[in-house]
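The chain that follows stands alone, in the form predicted on its own, written as structure tokens.
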């Protein structure tokens, strides 16, 4: 019995070690993208857009995958971060190490105030209110057109600087964005393994039981909402600085739907899954939409197929294949 348990523990450690090595290799390959796209700058720009999409997808997964709160208007914070960062860059300074922290502080304050009301709602009510919030922010872009640019969007955002040095090279931009993504992923894994992450998961599984054992579910859900909104605003700020503009489409319900699709496509609550889903969606959207204007029909069919065949998303499917590969390899070795 003890020998069996020891063997099982050894196999588990080997699996974790192998998976860790695989993730390190994948991360290194991601960092090397600028090295093999030098002659294809558009691919590097597309990869940068995919990284930004991955950051905002990860932000929603921190809310939806951790505490089970479904948001239909998550793009509100994405667009809020884009507009606030763009305005700060135009009116104050193009130094990204100043405007981005300002955006994060403003988001924390506003998300705390709004979240205090929203997280007290449950189920469909919370989801519908987040959708309403997104549409309110979308409408404010047109109400405050003198500041936001209205239908034309926020144009003329100056070239951002880092430590006073203009950031213009696409490869430097990619590494900045990729570094932020890796930091967000590592922080998400750390939170998931921490007592805070375990408390969030307890709320996701059964809110009433979590409250019964003494967890302050209201404060914990509010914290999850604020962290999620702040990371989404950071992604929006990076988008505005990278593209030199921000449009009202960033706050629209369709953008929120795309972010939700990133998470579901990749795998809810898996951290890595939404990153994969965002990259697949962004790249597929570009190439399929360049062939046909009806790309949503084809992608919708693909999405339905994934949900039916792989309910755990792309990451769940890949994890299952990886487990089977590991099992067959151990079987061959024995």
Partner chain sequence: MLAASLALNGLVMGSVLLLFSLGLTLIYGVGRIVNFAHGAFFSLGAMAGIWLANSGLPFWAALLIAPIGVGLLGVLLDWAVFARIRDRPMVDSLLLTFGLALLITGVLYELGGRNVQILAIPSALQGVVDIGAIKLPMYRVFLSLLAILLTIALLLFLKNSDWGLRVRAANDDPEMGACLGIDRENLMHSVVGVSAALAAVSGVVGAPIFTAYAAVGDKILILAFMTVILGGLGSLRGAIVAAYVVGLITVFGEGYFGGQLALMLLFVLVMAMLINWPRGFFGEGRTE
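Positions refer to the first chain, counted from 1. Source: prediction; values computed, not measured. Under this definition, the rigid core comprises the largest set of C-alpha atoms superposing within 1.5 Å between the forms.
Keep in mind that the form predicted in complex with the partner chain is missing from the display, and what follows is about it.
Colleague: Assess the spot marked by 72, 125 and 308: is the partner chain within 4.5 Å of a heavy atom from every one of these residues in the predicted bound form?
Modeller: Verified in the predicted bound form; spot residues all in contact, yes.
Colleague: Heavy atom within 4.5 Å of the partner chain in the predicted bound form: which of 227, 177, 184, 129?
Modeller: Exactly one listed residue reaches within 4.5 Å, namely 129.
Colleague: Could you tell me which one of 96, 140, 223, 157 places a heavy atom within 4.5 Å of the partner chain in the predicted bound form?
Modeller: Looking at 96, 140, 223, 157 one by one, just 140 meets the 4.5 Å heavy-atom criterion.
Colleague: Look at the stretches 168-176, 99-107, 228-236, 259-267 and give the one with heavy atoms within 4.5 Å of the partner chain in the predicted bound form.
Modeller: Going through the listed ranges, the match is 259-267.
Colleague: So in the predicted bound form, is the partner chain close enough to residue 253 to count as touching (4.5 Å, heavy atoms)?
Modeller: Residue-level check for residue 253: yes, a contact with the partner chain.
Colleague: Can you tell me if residue 39 lies within 4.5 angstroms of the partner chain in the predicted bound form, counting non-hydrogen atoms only?
Modeller: Judged by the heavy-atom cut-off of 4.5 Å, residue 39 is well away from the partner chain in the predicted bound form.
Colleague: With the partner left out of view, is residue 88 within 4.5 angstroms of the partner chain in the predicted bound form by any non-hydrogen atom?
Modeller: No, no contact at 4.5 Å.
Colleague: I'd like to know whether residue 293 contacts the partner chain in the predicted bound form, with contact meaning heavy atoms within 4.5 angstroms.
Modeller: It does: once the partner chain is placed as it appears in the predicted bound form, residue 293 has a heavy atom within 4.5 Å of it.
Colleague: What residues in 95-121 sit within 4.5 Å of the partner chain in the predicted bound form, counting heavy atoms only?
Modeller: Counting only heavy atoms within 4.5 Å of the partner chain in the predicted bound form, the contacting residues of 95-121 are 114, 117, 118, 120, 121.
Colleague: So with the core overlaid, does the Cα of residue 44 end up 2 Å or more away between this form and the one not shown?
Modeller: Residue 44: C-alpha displaced by less than 2 Å between this form and the one not shown.
Colleague: After core superposition, I'd like to know whether residue 276 moves between this form and the one not shown (criterion: C-alpha shift of 2 angstroms or more).
Modeller: It does not reach a 2 Å shift.
Colleague: Relative to the superposed rigid core, does the CA atom of residue 70 travel 2 Å or more between this form and the one not shown?
Modeller: Where the cores coincide, residue 70 shows only a C-alpha shift between this form and the one not shown that is less than 2 Å.
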